[in-house]
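Here we start with a single chain on its own, the form predicted on its own, put down as structure tokens.
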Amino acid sequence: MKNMKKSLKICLIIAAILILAALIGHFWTPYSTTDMDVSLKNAPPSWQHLMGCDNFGRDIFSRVLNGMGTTVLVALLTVGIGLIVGTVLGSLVGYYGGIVDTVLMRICDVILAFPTVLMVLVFIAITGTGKYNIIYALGFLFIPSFVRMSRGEILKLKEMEYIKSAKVMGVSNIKIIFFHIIPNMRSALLTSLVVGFNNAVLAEASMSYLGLGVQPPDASLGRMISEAQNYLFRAPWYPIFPGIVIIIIILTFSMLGEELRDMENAG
């Protein structure tokens, strides 16, 4: 138990540092992320440019910071859409049941049956590429998972004695759902939020790598790796640093999700 608490604290500290760095990078960077300097083309790491420069002479450290900000923003908005819409829908259909519950769950099953990348490709083919289109597409695809999670939780919680007592006292169903049941789902919601954030980061990086997400000149970790492919041997620092940052983010939030899930199961 002590080891689990310690590992959870470590994950939370690293996650906080990553989020803080992303927030800083979204508003401020040491150098401009778009200004080019031909004299610094593919320059190696130095005290002036800690991660070197790319093929356009742009500071990689600044672009990694800014790319983290973009990735975190996209992931938060994506998971936010899934969390809010999915939790409300799942809670309502789980509480009331009936034909709407059955139809909605079958729709969710169909959406979840298709690979995420394939569904995003279909969405992008209709709406076009871009950061906000990726947010809408991924947000829509995250809704079914939150619907299933919240529905499962509400099916358990609505049979609790305090819910039955609230009904006897004449408390309205809507108030029971939003003030008595959903607040008691916070542990499961937090775990799903962390796991969803991790998946959203990976999905955004994958879409940007394929050229379907964030578009130039905006910085994106996935886009940077895609642009750096042709310079793997001439300027290996170009793909390595954004790749390392993505790996750290994914591993940190994967471990954090596991720790939170273990804590939830233990509780």
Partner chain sequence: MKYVLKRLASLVITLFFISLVTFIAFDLIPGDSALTSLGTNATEEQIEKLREERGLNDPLSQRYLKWLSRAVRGDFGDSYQYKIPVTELIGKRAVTTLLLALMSFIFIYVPAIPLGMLAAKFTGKWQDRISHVGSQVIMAIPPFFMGILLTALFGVVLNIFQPGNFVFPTDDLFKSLRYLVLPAIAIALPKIAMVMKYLRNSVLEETGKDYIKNAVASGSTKKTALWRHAFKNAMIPVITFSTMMIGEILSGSIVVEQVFSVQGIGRLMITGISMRDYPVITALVLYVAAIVIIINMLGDFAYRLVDPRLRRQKL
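This one's a predicted model, so the numbers in the text were calculated from it and none came from an experiment. Numbering follows the first chain given and starts at 1.
In what follows, reference is made to the form predicted in complex with its partner chain, a form of this protein that is not presented.
For the options 16, 247, 10, 23, the residue carrying a heavy atom within 4.5 angstroms of its partner chain in the model of the complex is 247. Comment: 120-128 is the region of 166-174, 86-94, 153-161, 120-128 lying near its partner chain in the model of the complex, near meaning a non-hydrogen atom within 4.5 Å. Within 4.5 Å of its partner chain in the model of the complex, a heavy atom is found for all three of 205, 240 and 243. Interface residue remark: residue 229 is counted as part of the site for its partner chain in the model of the complex, having a heavy atom within 4.5 Å. At the 4.5 Å threshold, heavy atoms of residue 219 stay clear of its partner chain in the model of the complex, well away from it. Under a 4.5 angstroms non-hydrogen atom cutoff, its partner chain in the model of the complex lacks residue 179 among its neighbouring residues. Using a 4.5 angstroms limit between non-hydrogen atoms, residue 31 is distant from its partner chain in the model of the complex.
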